[in-house]
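Before any questions on binding or motion, here is one chain by itself as structure tokens, the form predicted alone.
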Amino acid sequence: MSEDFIKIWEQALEAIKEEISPIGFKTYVEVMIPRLSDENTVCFLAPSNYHIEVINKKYLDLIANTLMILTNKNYIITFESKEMGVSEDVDIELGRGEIEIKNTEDEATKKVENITQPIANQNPTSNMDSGLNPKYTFENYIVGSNNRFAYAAAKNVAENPGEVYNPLFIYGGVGLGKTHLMQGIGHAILEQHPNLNIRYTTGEGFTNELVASIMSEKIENASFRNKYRNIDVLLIDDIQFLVGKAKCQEEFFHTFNTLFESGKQIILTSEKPPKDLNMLEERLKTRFDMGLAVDIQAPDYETRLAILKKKRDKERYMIDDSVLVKIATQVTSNIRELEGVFNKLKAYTTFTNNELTDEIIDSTIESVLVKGSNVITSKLIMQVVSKFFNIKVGDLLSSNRSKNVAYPRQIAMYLCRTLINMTFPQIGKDFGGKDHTTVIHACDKLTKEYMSDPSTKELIDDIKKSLSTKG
């Protein structure tokens, strides 16, 4: 293998490491040994056939996309296994929706259907340069009150590219599904119009390509401009990356005009609406407002739970509804963290064969949540309430019925119900196995007091403020 590709693979490993769990990386990806069969084909030597199956199910798209980003080339990826001393005889060939495992020792060929769907499988004719991720489709996008309007607009654009809502500008916070919805449009357009030229990139990717072209003086022969101005659909993620970069904004302005005037579809995403993108040229803001700007908000409880259930069904992971409910009630800020908790719990049970406990679930949630994400858990509520009343958290879990313990316990239960939508049985379980009727009584009592007693309202509001600063 060339030294250049060794360096490329080392860079790819660094990028992949940030995207998957440490266990998955060390167990499956890091152990793969690449061999460059020719300038267009990479063959990975795996420890076993099982490693190959897992790679194809979970990590193949990530590996292929990472190599494509680093090299701007779509490698054909094949595999060989060291298992049973047949490292030279076992090969996996990627087809459309299937994998063939060939063993030349007995000249038998075994077809394994639907182990994975390579990038080309999303489109019969395959647009290999689109940059689209095959998992981001409309079919696995969960629609809720937080994104229903954005989804409707996206579907309309997918059915009528270049004719309505051009450009379509999707904005919202981190991890809310903007990229998924944007790429869903791309896949839907390719399905209906397989010959259209579609290109997805990020604001950072666009910038890096422009800088590289300038440095190599290729900008003079218009190679960069031809790449982006001779396409039918342009999707740029995180367009806010262009803010403050005058040369990039200048180049994108002309690219935008060329595509728009030719009736080509433009789709953009950003963390903020166009008017709030400071240091972005007014002429770009004006053009972004020519189409339709739609926002995606944080998913509500029902949508969060639906996302988790669909992920469970798709990955065939046996996990109780009660655990999904707990995750959905406590992880409220974005979908990325929601799926992060799910993935870590799945990794834990897969690699330890141990059952999930409340302690494991709570610690996993806390480990995934980012600082300042305003996510509140029952454990955090207990800690804050106990500190307010100068008692121990253990007192809240005990059977102590004295007023100096019972009243704080009732407040904590009430907050678990009203702030994070926990069920009565779940609250009772978290508070040392209390009966759900005890929880109902506490919540009813505090609801009435909060509405009628100003001192109670002031106390609870103070606790809420403290929770919001710690969440």
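Quick note: we count residues from 1 along the sequence shown, nothing fancier. Small disclaimer: the values here were computed from a predicted structure and weren't measured.
Quick note: we don't show the form predicted together with a small molecule, though the next part is all about it.
Taking non-hydrogen atoms only, residue 193 never approaches the small molecule to within 4.5 angstroms in the predicted complex.
Put simply, residue 174 is close to the small molecule in the predicted complex: some heavy atom of it is within 4.5 Å. Although the partner is absent here, residue 130 lies well away from the small molecule in the predicted complex, with no heavy atom inside 4.5 Å. The small molecule is not shown here, and in the predicted complex it never comes within 4.5 Å of any heavy atom of residue 283. The stretch in contact with the small molecule in the predicted complex, judged by heavy atoms within 4.5 Å, is 137 to 145, chosen from 396 to 404, 137 to 145, 312 to 320, 350 to 358.
No residue of the trio 298, 332 and 419 has any heavy atom within 4.5 Å of the small molecule in the predicted complex. Just one of 272, 229, 336, 387 comes within 4.5 Å of the small molecule in the predicted complex, counting any heavy atom, and that one is 336. The single contact residue among 245, 187, 346, 180, judged by any heavy atom lying within 4.5 Å of the small molecule in the predicted complex, is 180.
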